[in-house]
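Form predicted on its own, single chain, as structure tokens, below.
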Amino acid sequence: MKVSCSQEDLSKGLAVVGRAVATRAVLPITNNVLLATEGSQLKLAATNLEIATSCWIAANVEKEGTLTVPARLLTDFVNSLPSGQIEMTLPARSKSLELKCARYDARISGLDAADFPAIPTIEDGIKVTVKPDALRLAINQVVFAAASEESRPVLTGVYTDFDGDQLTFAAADGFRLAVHTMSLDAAIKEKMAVIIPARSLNELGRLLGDQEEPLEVTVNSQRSQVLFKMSGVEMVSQLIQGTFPNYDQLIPQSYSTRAVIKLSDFLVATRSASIFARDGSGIVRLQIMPKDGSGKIDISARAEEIGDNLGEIDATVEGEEAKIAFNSKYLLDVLQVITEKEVALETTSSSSPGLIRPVGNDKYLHVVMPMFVQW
């Protein structure tokens, strides 16, 4: 193999695939990145056996070839080099990649590409096209609510429902539920639901950073893998097998108190209370009080032997006075991903879930279980 490319392109390409490199590898070769020539491009690929990411960069290919080399070593070395062309040469019958850039030379020992896990290809299945901005927002507003513990594997994923021209994402960890619905460019003929690992969607959200063109999402006919195809980048993820809970049953259908609050005010008061909540089991208390067609909310936290705080914000309140307590982290998590200027908080009782919605947007909702406290 003999190929050259710009230091900048190679550095960006390695950054794209780097997060798919295995950290605790059962197979040592998954610590490596695959380098392969394809026409006038250099393909970079990495996999941790749950996700596989491939990236293509422009290159001058004089002699075709392929090899895998330690990802971290190659990335660190390439990032240390000055801007300019990097020449990579793999001598015949050798497993040592030679790199040259300006006045810098290096040799990196690699492993045979034939031993690298095959990067899945998905040709058949259900395919949809989605806008990157809409998908990025959906991921951002849902994925954090997935469970991090593996005791219930289905809850570590995001339930993804393809239905007509609607795509719905839902995640729950037993304490909260996030649901986001977005529109597809074209309706699909067959309704389908799969569970995508939250880790995979987190990685996809990162890859969507500079994406402007619509991307293709393809679920294979076996419902075991999903392919996200972007400009010059592809990511394949395994899907989680199992039955996701019926989350519709968790969404309150009515309320006795509804408060509309300016998002920026709600965030400031919650952040302030969360400082005291750190030493008080993470609990913030909300007291919602109607008053002459308007109203207010007192947001407080206290910790024994540390202190307490109280913040007051204006709100438009309908219904009766209410008290409810939440985990401060859960409340901050949802408030930080809402993009509208106002949010609505709907409650029934201090022991029933609270429902948070952006005002003027019926495509997103968030349910938070209450904390039980003595008032």
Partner chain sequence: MITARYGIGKRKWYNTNMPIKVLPTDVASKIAAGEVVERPASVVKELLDNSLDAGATNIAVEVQGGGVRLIRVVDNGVGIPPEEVDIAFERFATSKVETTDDLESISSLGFRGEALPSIAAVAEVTMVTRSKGELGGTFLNIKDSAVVEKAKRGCPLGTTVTVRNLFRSFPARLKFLKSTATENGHISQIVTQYSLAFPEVRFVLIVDGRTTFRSPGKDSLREALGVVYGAENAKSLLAVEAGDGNEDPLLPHITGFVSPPSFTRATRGYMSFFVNRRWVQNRMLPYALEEAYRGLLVTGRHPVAVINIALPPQDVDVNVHPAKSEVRFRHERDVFTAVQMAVRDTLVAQAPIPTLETLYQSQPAPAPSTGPLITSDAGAQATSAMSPVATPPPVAPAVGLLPILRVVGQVASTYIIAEGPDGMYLIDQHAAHERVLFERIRDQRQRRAVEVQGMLQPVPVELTVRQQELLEMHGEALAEYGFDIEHFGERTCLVRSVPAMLRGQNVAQSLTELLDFVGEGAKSDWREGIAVSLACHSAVLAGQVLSHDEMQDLIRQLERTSNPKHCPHGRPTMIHLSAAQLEKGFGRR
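These figures come from a predicted structure and were not determined experimentally. Residue numbers count along the first chain shown, from 1.
The next section is about a form of this same protein that is not shown, the form predicted together with its partner chain.
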| property | result |
| --- | --- |
| Selected contact from 151, 221, 243, 83, since only one has a non-hydrogen atom within 4.5 angstroms of its partner chain in the model of the complex | 151 |
| Interface residue in the model of the complex among 183, 140, 281, 94, criterion: non-hydrogen atom within 4.5 angstroms of its partner chain | 281 |
| Heavy atom distance at most 4.5 Å to its partner chain in the model of the complex, all of 175, 304 and 367 | yes |
| Contact of residue 327 with its partner chain in the model of the complex (heavy atom, 4.5 Å) | yes |
| Heavy atom of residue 250 within 4.5 Å of its partner chain in the model of the complex | yes |
| 4.5 Å heavy atom contact, residue 371 to its partner chain in the model of the complex | yes |
| Residue 353 within 4.5 Å of its partner chain in the model of the complex, heavy atoms | yes |
| Candidate stretches 185 to 193, 124 to 132, 254 to 262, 272 to 280, one within 4.5 Å of its partner chain in the model of the complex by heavy atom | 272 to 280 |
